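The chain below stands alone and is given in structure tokens; this is the form predicted on its own.
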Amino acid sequence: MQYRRPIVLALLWLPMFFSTPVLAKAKSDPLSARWNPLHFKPAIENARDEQCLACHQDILKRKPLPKSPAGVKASDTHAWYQDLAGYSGPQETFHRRHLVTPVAKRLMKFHCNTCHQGNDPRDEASGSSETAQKGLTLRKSVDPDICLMCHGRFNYKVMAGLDGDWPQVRDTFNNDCITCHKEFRTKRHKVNFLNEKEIEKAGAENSDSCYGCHGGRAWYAIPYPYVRRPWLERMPEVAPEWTKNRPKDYDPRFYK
């Protein structure tokens, strides 16, 4: 009798290790719902927001705690994103800031599957087994490159004429990013999760809108390797050393 319980538990776990996740049918209980085909490729690539929010609607209903565990009131503090040009209103959660706040509705067009491309609850390591989902970022449910595309470190070291970070040199350029970017990197924000026209308008109104994403988040220490596209006549014929191995274009799913 003392050996029966381990054997029963082992038998209960066997289907999880040998079943094919994409073919599993969703049930009402949370454990079974994790194997819903929408959580895996290829279904997640075409998942609609309303399909995701049917189960995850709480993600847009959550609010920051009124006070921290130490007793500090949210109303008495100032969050970093509240300093961004154009942001107004109280503190908001991460998902709401990217989906439903006035800034998000004006500048962004994010969908759930822009960031979430599925993961494997058994082992979040790409190719770790015959049935493991391909293309997973190790131990991550979201590829960090998605964040870096907007919030990578301001890479002044590869920018012509900049010998310091933007806060140190911006007065030289009248605090206007467009001074240079009307000639350099003239093709910008042309992806399906951003509102290109409104972003360009916001940048023209206030360059803090640009720096708020591209450099304003100090803890993102990695610059994103943006694709190198032709500029205007001033683009050098010989590509600089730092441009080697740069991607030719972004993932096709960002253009659908």
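From 1 onward, residues are counted along the sequence shown. Being a predicted model, the structure only gives us computed values, none of them experimental.
One more form of this protein should be noted, the form predicted in complex with a small molecule, which is absent from this view; the next part is about it.
Trainee: With the partner left out here, check for me: in the predicted bound form, does some heavy atom of Ile222 sit within 4.5 Å of the small molecule?
Mentor: No, no contact at 4.5 Å.
Trainee: Does at least one non-hydrogen atom of Pro42 fall within 4.5 angstroms of the small molecule in the predicted bound form?
Mentor: No.
Trainee: Test of understanding: in the predicted bound form, would Lys190 fall inside 4.5 Å of the small molecule by heavy atoms?
Mentor: It does: once the small molecule is placed as it appears in the predicted bound form, Lys190 has a heavy atom within 4.5 Å of it.
Trainee: Please check if Phe94 has a heavy atom lying within 4.5 Å of any heavy atom of the small molecule in the predicted bound form.
Mentor: Looking in the predicted bound form, residue contacts with the small molecule include Phe94, since a heavy atom lies within 4.5 Å.
Trainee: Taking the shown form as the reference, report whether the CA atoms of Tyr156 and Tyr81 lie closer or farther apart in the predicted bound form; the distance changes by 3 angstroms or more.
Mentor: Closer in the predicted bound form, by 3 Å or more.
Trainee: Report the direction of the Cα distance change between Tyr81 and Leu162 in the predicted bound form, compared with the displayed form, as closer or farther; the change is 3 Å or more.
Mentor: They are closer; the C-alpha distance drops by 3 Å or more in the predicted bound form.
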